[in-house]
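Form predicted on its own, single chain, as structure tokens, below.
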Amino acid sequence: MALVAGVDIGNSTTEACVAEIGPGGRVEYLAGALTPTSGVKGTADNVPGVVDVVRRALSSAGRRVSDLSAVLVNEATPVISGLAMETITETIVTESTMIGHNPDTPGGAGLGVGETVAFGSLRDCAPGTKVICAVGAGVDFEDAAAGINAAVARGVEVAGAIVHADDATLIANRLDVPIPVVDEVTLVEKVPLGMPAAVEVAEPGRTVRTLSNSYGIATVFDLDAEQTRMIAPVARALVGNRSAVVVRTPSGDVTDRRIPAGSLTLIGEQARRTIGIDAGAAEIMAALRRVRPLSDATGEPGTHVGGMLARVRDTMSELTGTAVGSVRIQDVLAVDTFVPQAVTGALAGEFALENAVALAAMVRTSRGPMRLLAEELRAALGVEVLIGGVEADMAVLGALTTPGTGRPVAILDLGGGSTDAAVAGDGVVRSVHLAGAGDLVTKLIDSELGLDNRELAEDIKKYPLAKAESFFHVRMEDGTARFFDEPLPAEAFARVVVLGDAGMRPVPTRHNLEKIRQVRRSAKHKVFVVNALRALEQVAPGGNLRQIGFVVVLGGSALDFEIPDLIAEAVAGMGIVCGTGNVRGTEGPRNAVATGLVASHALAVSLETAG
């Protein structure tokens, strides 16, 4: 009996499988182990992680390193992936034309239209004048309310108020005639005076209706068709707000500008195409299909995409000692998304969701660094180290240990930086390696929700959401209630929370639970489902997915609570049996490559014995 250890070095984790191989290639699997990958996959920096995971697997099996006959390592060629986000639209407001934000407690409700006037000038307004009062910094809420009441008593029609401090409710509660009051306008002194303006505050639980509608603004300010077209970006930026102010200035200009986001040149074996990033993800991916297989890609210098591709090349060059000019981009994935961007020229820190394109790129290099890794590993363990077959081929062999599978079988290995696919038919394995996986999903969630917190975005990706409705229960995203014996943390009350392994984590955003859930599922669909179909199409016989009988989903992302279901739903109409793998009937979607290395070695032993 020969004791061997199969080791799969991945981008994020390193996995080991310890087994005994008997006469005729009979395999008895003993144990497995998992540890974070040390260094970049496929480099000598992986040695400490491999040594650790092998020792842990042997310990679980009650064996020692000295008992090993060989360590089997996958062809872990380095894979470097990069991400870039290009914003392709921008809302610009000049001459201080718009205020539209969501203070927690605006005052009053309704729509008020009038001419802007400073609080100190209210006493000079003639009776019958319709005004919007701008209350600057340093004015006490009681003084503001008293001044407005005095003006109303003299016959001045105060239709609304714009306030610097967080005093809207305090002011509104002291007014004799209720008016809409928008507060927390930090640059209130820049509000142009003597200009037509409209203030709108919606009832609690509702959003503004008139100022978020281009034709509503046109009605208020008596705009013509051309002016209405110009004001449309303002209306769009105010959608979803509970309060808003629009001030019309004669020279004011509002534009929805497309930003030159640079171009991407895709170089195939037979064709070459250059496409602007601002054409959108669908056009970029269509161009990629037309030049496939991709030989290389370049980005326009001075743009985010050009910088990202240059960084990917430089990183791979440093890791492998390859000249930068010899590094080739193997695949790209473009995804349409939205990015909250500050509205240029607005007065209260307003944000608008602008169109953007996220781009993931990936390069691979030769197996040269693997030979160095194997030599150092041999020295560290004192055991023979064999470099096994192609990673995807080994994953297929491991996947076939899942109960209920059979040939032809396809595997989808969903990792952090890349998506692998392979199909095993009658003795032939076709495989493909594509850019874009879990890391890109995390980036999309982070940017679309405006979190600026990658760790929180990762938790939102991995775990279900809930809304804390009392100190002792939460409402889950599927509508069920979950009760607790101990009071919930004070910071979680009335917030959307993520229910992770480490406990409850509040999401510090004004987005409601349904919005966060929609962003999460959309990001997973745009990356994992799109990549799964793209990968299977490239490895399926004749590009026909219906020729694939079984799809086994493997890798860390296969442990996600909804990704496997999204993929299964996408391929269900093609007669494909799709589900999460259960390697050796015990390991779930993990350990497939490590198990496949052992199975491949056992097959070689049996053939050698038979020969």
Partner chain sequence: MRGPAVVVRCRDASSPWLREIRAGMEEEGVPVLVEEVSEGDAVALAFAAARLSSLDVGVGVADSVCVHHAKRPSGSPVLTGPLGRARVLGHNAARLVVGIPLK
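Just so we're on the same page, rigid core means the largest C-alpha set that superposes within 1.5 Å between forms. Quick caveat: nothing in here was measured; it's all calculated off a predicted structure. Positions refer to the first chain, counted from 1.
One more form of this protein, predicted together with its partner chain, exists but is not displayed; see below.
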Quick check on G500: any heavy atom within 4.5 Å of its partner chain in the predicted complex?
no
Answer yes if any heavy atom of A261 is within 4.5 Å of a heavy atom of its partner chain in the predicted complex; otherwise answer no.
no
Answer for K190 alone: is it within 4.5 Å of its partner chain in the predicted complex, judged on heavy atom distances?
no
Spell out, yes or no, whether the shortest heavy atom distance between A494 and its partner chain in the predicted complex is within 4.5 Å.
yes
Please pick, from P541, G404, G110, P487, the one residue with any non-hydrogen atom lying within 4.5 angstroms of its partner chain in the predicted complex.
P487
So which of R229, R174, R371, K515 gets a non-hydrogen atom within 4.5 Å of its partner chain in the predicted complex?
R174
Taking the partner as it appears in the predicted complex, which of 195-203, 466-474, 411-419, 355-363 has residues with heavy atoms within 4.5 Å of its partner chain?
466-474
Within 4.5 Å of its partner chain in the predicted complex: residues from 126-144 (heavy atom criterion):
D140, F141, E142
Core-aligned C-alpha movement of Y463 between this form and the one not shown, 2 Å or more
no
Cα displacement of F141 between this form and the one not shown reaching 2 Å, rigid core superposed
yes
Relative to the superposed rigid core, does the CA atom of E537 travel 2 Å or more between this form and the one not shown?
no
